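Below sits a lone chain in structure tokens, taken as the form predicted on its own.
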Amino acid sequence: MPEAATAPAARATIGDSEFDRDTALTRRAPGVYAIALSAGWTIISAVNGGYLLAVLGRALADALPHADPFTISAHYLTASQPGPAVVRTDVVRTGRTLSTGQASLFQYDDEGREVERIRVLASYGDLDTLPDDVRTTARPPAIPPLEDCFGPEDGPAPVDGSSAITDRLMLKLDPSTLGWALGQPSGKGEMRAWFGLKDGRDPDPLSLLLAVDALPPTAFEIGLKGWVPTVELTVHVRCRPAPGPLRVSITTRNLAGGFLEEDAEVWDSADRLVAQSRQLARVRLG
């Protein structure tokens, strides 16, 4: 008899996915949380900044009376490593429609000293209470159909230790922003892609914090190589995303003094602008 066909893997759901498990925290005391940062969200052995932002965003969702991040600003102080970490939160203000809090993530160095890795200040609310009135000149990015775009699996074998995060993402890049992968960068600071989680989990406000920092750096299309560490990242979540893949567009207009900005827009399957961000990043020149 022929072997039975392998059943397709079930799609993960919000609250029961690898992303949810790897951002889960344990409350040790009021405002104090423990977590083991997963090595599955690393780039060249450093923990991805969007994943870290989602971890702190989840801690603040628990600490504040409102669950949805409206705006969250992070300063990345030292590089985080996979392994144990502590998040401490502080409620700054609570209101009827918005609550504000701050949070910091700490790890220990080789000598047992506590080191602050990232500090955030955020305002939270309820996205479901926002009015439907939208007046905008913004338009979704022009990206070819998903099947005409390319992911990490379509390229050469990755450098060891550099691609753990890509195994957890559904990332399909616009071919017009892939010149860097062929040794022919366009010189334009642009990166566009379809984005989702590999296990099929639909997007939510917390995963938008990951989406804005998950694409290859725009510095690659400017002709630069190597790690582009984030110094500061601010994300505005504009509405709850519809199910289905997201489209992410990132642009850089100015590289000066070894720093560049990246402006990101995230669009959902209903053609709504669901998140915006700006980050300042350091680049290594020469």
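Quick caveat, the model's predicted, so the values are computed rather than measured. One rule holds for the numbers: they count along the sequence shown, beginning at 1.
Beyond what is shown, the protein has a form predicted in complex with a further copy of the same chain; the following relates to that form.
- Out of the listed residues 243, 258, 226, 65, 258 is the one that sits within 4.5 Å of a further copy of the same chain in the predicted bound form by at least one heavy atom.
- Listed residues 81, 186, 71, 166 were compared with a further copy of the same chain in the predicted bound form; 71 is the one with a heavy atom within 4.5 Å.
- Residues within 4.5 angstroms of a further copy of the same chain in the predicted bound form, judged by any non-hydrogen atom, belong to 228 to 236 and to none of the other stretches in 228 to 236, 39 to 47, 25 to 33, 52 to 60.
- Interface membership of residue 12, defined by any non-hydrogen atom within 4.5 Å of a further copy of the same chain in the predicted bound form, is ruled out.
- Contact between residue 142 and a further copy of the same chain in the predicted bound form is not found at the 4.5 Å heavy atom cutoff.
- Under a 4.5 angstroms non-hydrogen atom cutoff, a further copy of the same chain in the predicted bound form lacks residue 171 among its neighbouring residues.
- Using a 4.5 angstroms threshold between heavy atoms, residue 107 stays clear of a further copy of the same chain in the predicted bound form.
- Taking a further copy of the same chain as it sits in the predicted bound form, the stretch 92 to 119 comes within 4.5 angstroms of it through a non-hydrogen atom at 92, 93, 97, 98, 100, 102, 116, 119.
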